[in-house]
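As structure tokens, one chain now follows by itself in the form predicted on its own.
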Amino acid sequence: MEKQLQDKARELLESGKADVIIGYGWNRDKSHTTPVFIKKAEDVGKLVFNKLCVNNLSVYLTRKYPDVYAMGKRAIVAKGCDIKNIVVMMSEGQLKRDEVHIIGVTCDGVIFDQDAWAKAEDGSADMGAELKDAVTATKCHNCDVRNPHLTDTLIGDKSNFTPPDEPVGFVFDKIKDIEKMDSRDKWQFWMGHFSRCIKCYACRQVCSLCYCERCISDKNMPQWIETSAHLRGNLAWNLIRAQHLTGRCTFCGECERACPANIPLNVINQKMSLVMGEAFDYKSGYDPKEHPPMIVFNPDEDKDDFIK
């Protein structure tokens, strides 16, 4: 797969169809992968793709990175889950289809716990089925886009993986556990997690769907969200961000992965996704022509009579 990927990247650069390839490369000791920006055909050998390529590179297509935009015509290496974010960006007018060449890569799942995987690779741990499930990202257990659904170039062999009928994995197990709690226990559960928030905004920065030029958390006339890291401001920040992602989040999982306080952000976002699916029969990230339900309003399709 990597040879095919590198050959395509070289072709795009040499033909002038792309001025930069946004992809994955090794870090110095080859223990983790890191985003790389390839601008010269002789550097395409740095591109890799494997189970450690967990980053959602679509964030580099946002206005957060004007220096990447200034590099010229962009091509991006993207898994199916990353492409879902690109689709949402297109549906919301943040990106035009002809502004990026999508190099879709088929994927058998990526690794959440890269250290555990490294131990298995060097022989210090047995990579049995149990460990594979433990280190594979929960989103991968349910993925229906292992064969990318929107590409200009497709790299890799077709995956035969069939997602389960009902979502499985830690995130969805936790949602079920929380739903069984009474209101007081739910409140205490979330307050316990939100109390650890340090307002670093890593969740915002890593998310390609948090693209506002000025975030509501930065607005101070009036001050919508208190800036200090205390429980009141933390609650406001985390709930408002979850609401802003309702109907848009694609479960790429980057926000929770980036959170230094280990707040279960996927649980919040995926609960809202389940609600959107039930209320509107909608899943984000599949059709660039379809707008998320919370962005548009059609009174003829609304189920609540009191609104009409």
Partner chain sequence: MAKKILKRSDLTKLVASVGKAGGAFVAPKAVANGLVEYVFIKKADEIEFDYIVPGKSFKEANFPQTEVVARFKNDPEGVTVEGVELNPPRVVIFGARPCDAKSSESLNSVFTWDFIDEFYTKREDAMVTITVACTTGDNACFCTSVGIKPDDTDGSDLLLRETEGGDFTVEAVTDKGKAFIKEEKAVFTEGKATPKERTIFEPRKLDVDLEKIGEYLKDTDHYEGDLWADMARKCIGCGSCTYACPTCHCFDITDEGGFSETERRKNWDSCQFDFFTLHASGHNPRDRQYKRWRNRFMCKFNIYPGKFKTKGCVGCGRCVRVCPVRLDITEVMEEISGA
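Numbering follows the first chain given and starts at 1. Since the model is a prediction, treat every value here as computed from it, not as a measurement.
This next part talks about the form predicted in complex with its partner chain, which is not shown.
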item: The single option of Cys210, Met71, Met90, Ile178 touching its partner chain in the predicted bound form, heavy atom within 4.5 Å; value: Met71
item: Its partner chain: the contacting residue among Leu150, Leu235, Leu154, Val206 in the predicted bound form [heavy atom, 4.5 Å]; value: Val206
item: Whether Ser31, Phe37 and Tyr65 all lie within 4.5 angstroms of its partner chain in the predicted bound form by heavy atom; value: yes
item: Listed range touching its partner chain, judged in the predicted bound form by heavy atoms within 4.5 Å, from 79 to 87, 214 to 222, 159 to 167, 101 to 109; value: 214 to 222
item: Partner proximity in the predicted bound form: Gly45 to its partner chain, non-hydrogen atom cutoff 4.5 Å; value: no
item: Asp144, heavy atom within 4.5 angstroms of its partner chain in the predicted bound form; value: no
item: Contact test in the predicted bound form: Gly277 vs its partner chain, heavy atoms, 4.5 Å; value: no
item: 4.5 Å heavy atom contact, Arg257 to its partner chain in the predicted bound form; value: yes
item: Residues within 4.5 Å of its partner chain in the predicted bound form, restricted to 265 to 293 and counted by heavy atom; value: none
